[in-house]
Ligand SMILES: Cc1cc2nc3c(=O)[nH]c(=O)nc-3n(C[C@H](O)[C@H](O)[C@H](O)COP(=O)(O)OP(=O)(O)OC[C@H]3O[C@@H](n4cnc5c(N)ncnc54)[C@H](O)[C@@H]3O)c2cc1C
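Shown below, as structure tokens, is a lone chain in the form predicted alone; questions about how it binds or moves come after it.
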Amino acid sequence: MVILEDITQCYGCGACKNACPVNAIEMELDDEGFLIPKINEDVCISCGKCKSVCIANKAPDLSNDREPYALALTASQDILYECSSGGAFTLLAEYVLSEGGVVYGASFTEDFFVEHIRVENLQELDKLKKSKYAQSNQTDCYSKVKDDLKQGRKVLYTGCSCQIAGLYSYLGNKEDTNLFTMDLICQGVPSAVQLREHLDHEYGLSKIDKVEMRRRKGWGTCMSVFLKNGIAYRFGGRTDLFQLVFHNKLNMRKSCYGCKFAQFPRQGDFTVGDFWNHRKVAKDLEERFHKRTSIVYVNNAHGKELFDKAFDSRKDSFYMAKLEGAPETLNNNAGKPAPSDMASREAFYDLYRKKGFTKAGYEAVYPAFVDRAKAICKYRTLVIVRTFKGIYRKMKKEDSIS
């Protein structure tokens, strides 16, 4: 059985795995660190369900609004501290949970892979907050959603637009009124294997307590690694190697370059992301929107009904402002896939297969030896300085307690 003639066009959504009636498909890692379907031919019954649900074989669903209702959303400071952006996910997820529903989203595993999980309460919801700049494994979440819907429960499913497309393809329709989907504004996904390799090389996986990939105050990406010994490291997007490779669009999944789902109409009931353009396209927004703000596209009437109910229940903590203009102009990344510089991508992956992530990353980002040496020296110096600062703070804290 062949699901896809050109496996490099696979999105890794896992719809085929979830659809297989005899569990003949496993999602396995390729030599770039991305999940692709592997069929056990001894078990396969050649029913063709995997091929029929494969989103790479289908055109995007165009039923949502081409020019959706758009708004800026931010929250009170205590909520923002726990979020990557303005709190749109928190608003909708907490409301769905309050209605006895369930929420699906990406979470770090104990060994720092990224996978989708199902949560049923506010305590578990924290696992889904904050950004994870790597593609998540959907595991068997699509089939769990089907079970939840059969039980009449509300479901909020969050993910990249291709993952939302995979869910709908697996379910076979969009008609269940209890299902709500939220796709993320994304320009492509790097491999969770590379993130894990980077963390292990720089810190040692066994020494890490937790990882955060956004600043907690204000805007901006930031790799924050908290070790079990109490020392924390924080590096911005121009210093941390994983972020450098990611922001240079070198290590995305191949299907991300030219992704057919990263356009309007979007796939989910909602589309959310950072409102980076707030000062440019909405200069009249009040000051509370100028620190961390989500842009929210409400893509259909089904989503608008849920949003209105959720917002009305939390007007004391969330603030919104309607936005006017073409959806692509409100956010630069919302209506286009990753830039298609395939030559640079292929050059990086050629190096990656030979040398691993660290050496390949530095050589790809800094082709000139002198520039590469300067970048490595700067990073290593910062590591030493921040290590000693962390030790000093830890000793000072221990002294004050004693």
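On a predicted model such as this, the values are computed, not experimentally measured, just so you know. Residue numbers here begin at 1 and follow the sequence given.
Beyond the structure shown, there is the form predicted in complex with the ligand, which is absent from this document and is the topic of what follows.
A.B. asks: Which listed residue (D274, D148, E212, E197) meets the criterion of a heavy atom within 4.5 Å of the ligand in the predicted complex?
C.D. replies: Of the listed residues, the single hit is D274.
A.B. asks: Please pick, from T329, S313, S131, N248, the one residue with any non-hydrogen atom lying within 4.5 angstroms of the ligand in the predicted complex.
C.D. replies: Going through each option in turn, the one that passes is S131.
A.B. asks: For the chain shown here without its partner, which stretch in 94-102, 171-179, 131-139, 224-232 has non-hydrogen atoms within 4.5 angstroms of the ligand in the predicted complex?
C.D. replies: Result for this chain: 131-139.
A.B. asks: With a 4.5 Å heavy atom cut-off, would you call R118 a contact of the ligand in the predicted complex?
C.D. replies: Looking in the predicted complex, residue contacts with the ligand do not include R118, since no heavy atom lies within 4.5 Å.
A.B. asks: Is L184 close enough to touch the ligand in the predicted complex, meaning at least one heavy atom pair within 4.5 Å?
C.D. replies: Yes - in the predicted complex, heavy atoms of L184 and the ligand come within 4.5 Å of each other.
A.B. asks: Against the ligand in the predicted complex, would V114 count as a contact residue? Criterion: heavy atoms within 4.5 Å.
C.D. replies: Flag for V114 set to yes.
A.B. asks: Please determine whether G268 contacts the ligand in the predicted complex, using a 4.5 Å cut-off between heavy atoms.
C.D. replies: Judged by the heavy-atom cut-off of 4.5 Å, G268 is well away from the ligand in the predicted complex.
A.B. asks: Only counting heavy atoms and a 4.5 Å limit, does any residue of 146-180 reach the ligand in the predicted complex, and if so which ones?
C.D. replies: Read in sequence order, the residues that approach the ligand (within 4.5 Å, in the predicted complex) are T158, G159, C160, Q163.
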